[in-house]
Structures are given as structure tokens and as C-alpha cells.
Ligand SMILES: Cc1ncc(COP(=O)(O)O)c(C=O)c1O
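Only one chain comes next, encoded as C-alpha cells, the form predicted on its own.
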Amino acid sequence: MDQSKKGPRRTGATRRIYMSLREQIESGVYGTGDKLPSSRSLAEEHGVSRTTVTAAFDQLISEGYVEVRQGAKPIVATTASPSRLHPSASTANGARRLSNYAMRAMRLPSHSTAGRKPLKFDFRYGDIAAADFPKQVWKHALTSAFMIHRDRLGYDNPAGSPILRQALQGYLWRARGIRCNPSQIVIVNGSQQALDLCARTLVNPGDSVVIEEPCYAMARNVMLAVGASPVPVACDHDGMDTAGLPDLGQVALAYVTPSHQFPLGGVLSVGRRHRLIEWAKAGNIYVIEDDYDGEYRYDVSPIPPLYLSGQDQVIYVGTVSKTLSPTLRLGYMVLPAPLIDPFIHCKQLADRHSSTYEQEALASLIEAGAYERHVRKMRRSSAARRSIFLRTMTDAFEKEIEIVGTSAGLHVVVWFNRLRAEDEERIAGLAGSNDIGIYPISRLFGTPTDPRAGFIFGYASMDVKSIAEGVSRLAGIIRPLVG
């Protein structure tokens, strides 16, 4: 076989990255002149060093696939057109190009750590401790769901199990003060599917979508994937600054996290809530309220959902990922009446329906009161972890840091007053090489504005002893950097 068709004799991560980029160029995912992901973003995505990624780029450059200009991202070379590439290119055997949606999605960072070597002290936000999962209670509920007599096994209601929707109606009233009809509730595979359904049902390519700045990365990405133009609105300690809302124009949708802004932790103030709802009503715009961690409040009373201020304009999204487990992929939406049928039809096209057995198991936990007992237990455990994290970080760094978003949720943001924002990735890499996972805040900004280095710390996945030891080890790494 022609050695050139086999590619370079490389092994490991460098070869995987090289092959992935080469195949995407050959298949037309990246066209001539298109910018490629930066070495920094690829290093994070694959869990490797930037040196490893640079080696892959060097090989692509030597083969004429990629060009690099000083101070700019690598781009696909003008000579790298499908007509001159190997038979595996998109033109082989009459294969067609990917859709525009797929090409947009392929260009977005995956934000996945699947397959990455586990870190001993991982402060990744969104993860929860495996020991907290109520294994026996869930096993019993799931077994009971399996044993229910069914005349036949068939596709279920795309809106979700009627018993779970009924159970959630009562739970949402007790826990969040939301009054709704079970018909307004649609069960989804986690809040991410809810966001995807919102994008596909309400947004056309070219439409503007208002998002927070900074923003949950997977919310931004799902809008970019459908061809929307995100319009970032700055956030502060009072949540989204609604004075910065754009003219209505072509705005199709808005996405907010009003009860605990992700990632900064601000609560959308009453005045701003009213302004947001009035703006949405004036433009007939729907607002997605992502209440991703509404069960966790420590120093403050529960924050009323935005849904209570404008039920006809707000799509409420909830999840059990932060209370039970993100592995279950169970979430729910409360929809304004005009959206019920369109969303159910789109949900059916996406996956028919979410798993019936897991839905019925969750319903039985809610009906028996076991779910709410578990939530209270999780709140106590998280409060203890939060307390030890805040105390050990303050003891370790004193006035060198500012911690924000401490009154709720399962994460905080820590700003390091004497470290520079441009050094975040290097510091995260240094921590990772010492078995500590920390995550730069700049990845969640469209355009970072704070000159300080900042990191998101999740504290729900480790016990208090590991949290304290992880902070102590991190201090040993960072303190020499601040002098």
C-alpha cells in the first residue's frame, strides 16, 4: 500500500487528533480557508497537552492540509480541496456532503470528558458523588416498574408517562410554587434535549437568540448548531442586565438561568424580571427558564421561578441530573399552551419518547415522598461540602481570591486577583498534571472582560475530606505563581 495513504507512523493521542482533523477536511466538514479549532480547545476536548495537539498540526501542515499564520488560528490550506484528496473523501462512491447542521455541530467543542483518565481531585461542575445515589430505593422503584402488568410492549406517549406528569404537577407546586396542568408537562432526556427541542421548534437559521454572557456552553452551542445568531447580554450579581436587551427585530428566543445564573451565580432581580417579561411580551418572544439547580439554596430563601411572572411567555425547564444523577437523562418542561402540540410532535420525531420504566420509577419515588426526602438529604450533604470548600479556599488563599455564587447551587466561581485571564489554560493544565481538575471561566464567555483568572469549582462529586485535600494540593501549585 502507498505509504502516503496510510498517514504518518504515529501512535496514541497525536495520531487520533491528526486522523480526526484530516478526515474532517477530506469529507468537507472544513472547507478551504475555514478556521480550525485552536490547539487550546482541542487539548481540552481530548484531555491532552497542547504539545500533543501541536504535533498533530505539524503533520497536517507538512502534508499540505493546513496553513498557519502568525497570531491566527490554523486554517484549511487552499490546496486541500476534495478533488485532490484520498478516496476516503466525501466524493468517494458518490457519498454526499454532511448537512449544514452537522457541519455546524462538528465545529463546536464537545465539552465532553468521556474517556478521559479520571482525576483524583476533580472539581468539575455538573458531576455529583456516586455514593449519594439512592441505589436501593431506585432499584426497588425500577423493579416495581418492570413488574407492572402490560398487555403488550409498544411505543409510549411522546409527551411522557401520564403518571410521572401527574406526579410532577404536584411536586412543582410544592417545591417551586408552579401551578400547571399535567398536559403542559413534557418529559425529556435531560435538560439538554429540552434546549434542543426549543431550538428546533422555535428558531430558524439566521434568527437571533438572546443568551447570557457568560453562558452555559451547551445552551450556546445548541443555538449555534441550528444556525442561530446568539446575542449575548452581560450578567452581574443581579443576573442578566436587561438594560442590554436588543431591539426586538428578528429575535426568536431568549435563554436565561434566573434563579442561579450559570456560572456566576447571580439571582435575576425583581425589576429585571419584570423588564425581561415585558420585553418578551412586546416581541411575542418565548423565554427559556433553565432552573437547573433550583433545589439547592443555603443562605437565602427559595427564589420564585420566572415562570410565575409570565406563564404565557416562559418555557420552564427542570432536571433530576443534580438531585439523582446525570446518567439517568430525565428532565421535564412546562410549556405555554400554544407550544404543547408542536413540542410533542418534535419530541416524537427526535426519539419517540423517553424511557418508560425510568419515568415510572421516578413517579413512584415522587408519589411516595422518597424523592423529596432524598432532595433534602442532598441539600444537607451539599451544604456540608460547600462549607468545607469555602473555608479551606479562604484559609489557603485569603485575600488573593474572590468567590462568587455561594448562596445556591453546586458550584462557585473563584477569581484569583493576581493571576491573569490569559494564563487560565496553562494553570488548568498544570493542575491536571497533578491530578486536580479545575475549569477556566473564559470558556463560557463569548468575549471575556475580567482581566483576572477565574475558575468554576464544582463541589458535589467529592466527600469533604477529598475536597479539603484537593484544595490544599491546589494551593501548593498556585501559591508559587502569585509570589
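Everything numeric here is computed off the predicted structure, so don't read it as measured data. Residue numbers here begin at 1 and follow the sequence given.
Omitted here: the form predicted in complex with the named molecule. The next part is about that form.
Requested in this report: Decide whether residue 319 counts as a contact residue for the named molecule in the predicted bound form under a heavy atom distance cut-off of 4.5 Å.
Outcome: Result yes; residue 319 sits at the interface with the named molecule in the predicted bound form.
Query raised in the report: Is there any non-hydrogen atom of residue 192 lying within 4.5 Å of the named molecule in the predicted bound form?
Result: Residue 192: yes, in contact with the named molecule in the predicted bound form.
Query raised in the report: residue 262: heavy atom within 4.5 Å of the named molecule in the predicted bound form?
Result: Residue 262 belongs to the contact set for the named molecule.
Report task. Using the partner position in the predicted bound form, report whether residue 329 sits within 4.5 Å of the named molecule, counting heavy atoms only. Result -> The answer is yes: residue 329 has a heavy atom within 4.5 Å of the named molecule.
Report task. Can you check 112-120, 226-234, 286-294, 161-169 and let me know which stretch has heavy atoms within 4.5 Å of the named molecule in the predicted bound form? Result -> One stretch meets the cut-off, namely 286-294.
Query raised in the report: Is it the case that 126, 216 and 255 all touch the named molecule in the predicted bound form, with a non-hydrogen atom of each within 4.5 angstroms?
Result: Result yes, every residue of the spot touches the named molecule.
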